[in-house]
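Okay, so we've got the same protein chain twice, two forms, each given alone as structure tokens, structure 1 and structure 2.
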Structure 1
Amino acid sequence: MGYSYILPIKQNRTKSVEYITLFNTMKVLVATEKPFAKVAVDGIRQVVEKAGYELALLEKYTAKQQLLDAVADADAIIIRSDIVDEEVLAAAKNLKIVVRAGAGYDNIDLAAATAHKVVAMNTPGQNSNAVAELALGLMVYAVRNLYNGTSGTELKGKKLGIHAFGNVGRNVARIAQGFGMEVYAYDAYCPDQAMIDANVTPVHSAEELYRTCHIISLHIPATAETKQSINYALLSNMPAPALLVNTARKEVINEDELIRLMQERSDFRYVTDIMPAANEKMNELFAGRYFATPKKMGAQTAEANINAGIAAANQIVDFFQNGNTRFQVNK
């Protein structure tokens, strides 16, 4: 049965919008090299099929050509960490929207999506509690000396600096306060009052945050402005003993300068769920004060998996039926 909908497509940076009326049965592809949990797929299917659309699954694929073949007739795609680049977009002749089930979206080529008149979205907030809990778990692991049996320290009473006060940062603050930590935050795009309302002390530069706190939790995205920004000069501000926790993005860390700092400061510890390129070297040099998980772990909970997948499906339906582009990340 045919379906009529109005499709808004943002064409350029002037935000002009072209509305195209199409008649079709929508095909929504879930393309996940690392699949959603079954309960999440069932939830996605319920949302998609209730709207009268077709759901297709491409799970555990091992070659890019499989993705290129699968997107050929898809009107919408839901992905996780899967790469949607120019080649994928060129192969997806019917594609109108791609949704990354999660907050980060650096695995989507936004410029190429715009050029192909494809709306790109993320699902902010769906994974935030999972990432926040991991950040606090990494903190406990670090201050207890990676559970090596020696005497560590407690988080209670320690000054925690949250670098970026978005959905994840706010959840980190909430949980950290339960530990009895003294919480500070820096976010150039967040008003002070939002932090004050969360019982967090706002500071007004990254340098001030790092100078104030023994523990820093990173939640900044990987952008042209932030890549390599966590460097020697910034980290040198941290008082001893210092702990940096990164559940954000690998690219924001200047690895060479972090290594240099850790070589100079035996009090400095680094824990992350994004394995650095220099992981082997850092394990050799900094045993006992460096840890990286084998893979990105922030959103790896059953709850986050379900929430993000179903949110992506709902956003696709809302986009096709109501033209809602609230979570669009390309212009």
Structure 2
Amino acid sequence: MGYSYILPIKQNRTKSVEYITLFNTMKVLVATEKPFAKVAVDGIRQVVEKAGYELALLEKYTAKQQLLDAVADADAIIIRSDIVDEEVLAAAKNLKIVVRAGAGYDNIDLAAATAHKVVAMNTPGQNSNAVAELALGLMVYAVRNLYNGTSGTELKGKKLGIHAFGNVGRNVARIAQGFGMEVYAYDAYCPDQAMIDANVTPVHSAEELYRTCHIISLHIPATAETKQSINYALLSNMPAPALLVNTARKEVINEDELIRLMQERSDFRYVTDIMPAANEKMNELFAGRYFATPKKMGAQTAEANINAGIAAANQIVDFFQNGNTRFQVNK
């Protein structure tokens, strides 16, 4: 196909399409420093090419300049945790839409996207089972003393506190119940009934959740409200022995205060899928009760890559062809 077709989208914040001729081929760039599984890229290619668009790939890039060069002629971008800031948006002269194949979109400068008349979307729910499975995997690893051969404990019968009951939190609850855990959740934005329907006990403050549970699993996004919010005062509520599992974002942790608490409490363990800035120091100080994955692995499964990657491609096609902005996050 030598051209692509686009319906006029009459939205104030989206770029006017009048200048796009019928003879332009829409270019969709997949820019992933941490690449999708090949099978997911094949699926994305199929969706993009079926729509008559061209697919470009920038994987495992090591310098921002490579991203700046690659976005120059892209009409749409699919990213993961890749940073899309003012500089990237300014370099992407043709860009109309960026889709974060995943849940958290703290890596996109939403105000800058809006200013550049670029629609930003995520693909909620598509990788949540993968992240939830990893959270439980990290939990088992921690309570079995990082598989060092000594006797650990089981998850059965233990109280698990889920901090934020979104897509990942709900999957964690489902899997934890399979382990026989007693599941509690706190989420200021989720009605109690959604938790009750999932056989989860709702609590009404973060303090109460941390006071009630020996194990806490974090599923809050990184926002102005949540950054640094997991601090000494909150974590001090946890009964001994305590285990904090983080498959959310490192920015939500107040690292200095976590370190202080772990120095004071030898019962406190921390396992995370997002390496802290103080990783080396924490490895030295807390051997046997601290672990960080070398690279964020939560969504790193073929299934999650296929789900999120193909959803992103479909959302781009649906946006260009029908003006669908259902998953827009910079409204």
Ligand code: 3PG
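When a residue number appears, read it as a position in the sequence of structure 1, where counting begins at 1. Fair warning: this is a prediction, and the values are worked out from it, not measured in the lab. By rigid core we mean the largest C-alpha set that fits within 1.5 Å across both forms.
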Inset, instruction - Identify which of the two structures, 1 or 2, is the form predicted alone. - result: 1
Inset, instruction - For residue 303, state whether the C-alpha moves by 2 Å or more between the two structures after rigid core superposition. - result: no
Inset, instruction - Just grab the Cα shift of residue 59 between the two structures for me, core aligned, in angstrom. - result: 2.7
